[in-house]
Each structure stands twice: as C-alpha cells, then as structure tokens.
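Below you'll find only one chain, the form predicted alone, shown as structure tokens.
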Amino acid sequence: MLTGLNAVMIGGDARQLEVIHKLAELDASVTLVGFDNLHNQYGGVRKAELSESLLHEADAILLPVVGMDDDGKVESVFAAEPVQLEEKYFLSIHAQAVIYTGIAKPKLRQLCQDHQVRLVELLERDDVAIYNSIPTAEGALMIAIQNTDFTIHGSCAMVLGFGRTGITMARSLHGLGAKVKVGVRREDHFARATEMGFEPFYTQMVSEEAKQVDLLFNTIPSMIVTAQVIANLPHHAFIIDLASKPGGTDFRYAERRGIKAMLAPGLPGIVAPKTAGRIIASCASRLIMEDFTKRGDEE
C-alpha cells in the first residue's frame, strides 16, 4: 500500500486515468495539476494549481508519457492550456522525491541533473517497452489495413530493427501470413530472426532488399529509409515509421516519388489508451512502492 505517500500528477492523456485509479486504489494521496476538465471522481484525489509548496510536499511527481518539452510545457488533454513547469519548481522538490515520466527530453534531464532530482523514464525499461510493443504492433497493422488495397497475408513486409518493438511487429506480420524480411545490425539478431522463421538481412543492404517490399515498418530512430531505399520500393509500397519523432524516413522524397509514408509514434496511447495506461500504472505503482518502502526503511 501507498498510505501516506503524496503523489502529484501533472498533465497527460487518457492513459493517466489508469494511473490515477491505481494510485488511489493503493491509498496514496493524489493531487492532479492540469486536469481542470476531468469530471471523474476518485477517492483521495484532488485538483490543484501548480505551486512550489505543492511540489515540495510531493514524494512522487508523475509526468505524461511524452514528459515535458524543451520549453517547459507539459501537455494535458484535460485542460485548455499546457502546464508550464518552470525551473523554480525544481528548486522546491525535496531530495528524496522522484519524477516519473515515459520519456525525458534534454531539458527535463538537464533540470533534474542540475537540481539533483531523481528521474525515472518508464519507457526505457524493457518490461514496459515490451508490453507497449503489443498495442504498437496492433496499431501499425490497423494503419496498414486502412491504407492499402491488398491483404497482409501473402504480402512482403519489411521490418527494420529487431528490438523490443521490431520483434513483436515481425511476429505479428508472420502470424498473419506475410513474408517477413527483418533488417538487423547484429549477428545474434540475424541468428534469432532466422530461428523465428523470418528472412534477415543486415541493414547496410536495405536498398537492395527493398525492391519487392509491399509494406515497410521502421523502428530505428535514425535516418535509414533514405531516398535511395525509397527509390527502390515498388510504387504501391506503404511505409509506416514507428520510431520516435522525426522518425527514420525521408518523408520529403517519399512524397515526391508518390510513395505513401506515415510517421506513427505513440500508437499505444492512440489505439489502446486503457491497455497502455494499465501498463504504465502497473510499472509506476510498483516502482513508487519500492522507492517509498526503501525511504521508510532508511528513516
């Protein structure tokens, strides 16, 4: 249980509702900032304006999956304006408090480092990323089906990257009857992809391998789907870039050549916010409980 813990949640989307519910269920005192238009009622939960005194009393500060941008803004779908998290607020956070977010941009990392605030990025954890790969793959398949005039079954699909999202994406496509090519960089990934029934190739060969591809799914967050790769794709091919912004695709050249390409980061929160919220809630609550228990033992 989290009895006695003060949690402050700043901004977010529908995924945060599952986190609120979980923390309240564990008897934490939860204060919501940037939730003016939220009408759900939770026991032990109140709304407040952001203040230095509020953050000084917080044991856990929860930011949205996308965190804070480099201008200090924290977006919230439950408020008309984003919450402005200025540097002065970091000065008020006590030494044992922890900030939890999905991903942290450079400004947030720098502020936490400058003011010695512990920062936890949930999406950097293997367990969260693997769980999130499931709605990501489902969302990518949905986009592919909606934007093509052929079936996934029998198509030639290319997946670039064989990490946590790439593996789930390749397995899902294979399960639907696609011929799956996987672009890898490591020898062990090449071996594993072969064992799983895919057709692996090393990413330096991506241009040559692209010639017969119907669907291309990129998970690598650096420029890999270059103009040269796109030039070799069939005209009917469809590119879905799942990497974080700005993706790894030359979208300008794709448009120029008439190849349909879409940047689709953050799919879990779009296609399955309840499931994605439960993943975050489960991990965040467990980590908060571990930190809170450890702090109590030290005191």
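In this text, residue numbers run from 1 along the sequence as written. A quick note: this is a predicted structure, and the numbers were derived from the prediction, not measured.
The same protein has a further form, the form predicted in complex with a small molecule, not shown here; the description that follows concerns it.
*Asks:* To test your reading of this chain, name the stretch in 238-246, 43-51, 252-260, 29-37 whose heavy atoms come within 4.5 Å of the small molecule in the predicted complex.
*Replies:* Partner-contacting stretch among the options: 238-246.
*Asks:* Taking heavy atoms only, is Leu267 within 4.5 angstroms of the small molecule in the predicted complex?
*Replies:* The answer is yes: Leu267 has a heavy atom within 4.5 Å of the small molecule.
*Asks:* May I ask you to check whether Arg109 falls inside a 4.5 Å heavy atom distance of the small molecule in the predicted complex?
*Replies:* Arg109 lies outside the contact set for the small molecule.
*Asks:* Taking the small molecule as it sits in the predicted complex, is Ile220 in contact with it (heavy atom to heavy atom, 4.5 Å or less)?
*Replies:* Flag for Ile220 set to yes.
*Asks:* Report whether the minimum heavy atom distance between Phe162 and the small molecule in the predicted complex is within 4.5 Å.
*Replies:* Taking the distances in the predicted complex, the answer for Phe162 is yes, it comes within 4.5 Å of the small molecule.
*Asks:* Given the small molecule in the predicted complex, answer whether the residues Thr136, Arg185 and His189 all have a heavy atom inside 4.5 Å of it.
*Replies:* Contact check passed for all of Thr136, Arg185 and His189.
*Asks:* Select from the listed residues Ser92, Thr148, Ser155, Thr203 the one whose heavy atoms reach within 4.5 Å of the small molecule in the predicted complex.
*Replies:* Comparing distances to the small molecule in the predicted complex, the residue within 4.5 Å is Thr203.
*Asks:* Which listed residue (Val98, Ala227, Ala79, Ala129) meets the criterion of a heavy atom within 4.5 Å of the small molecule in the predicted complex?
*Replies:* Spelling it out, the residue with a heavy atom inside the cut-off is Ala129.
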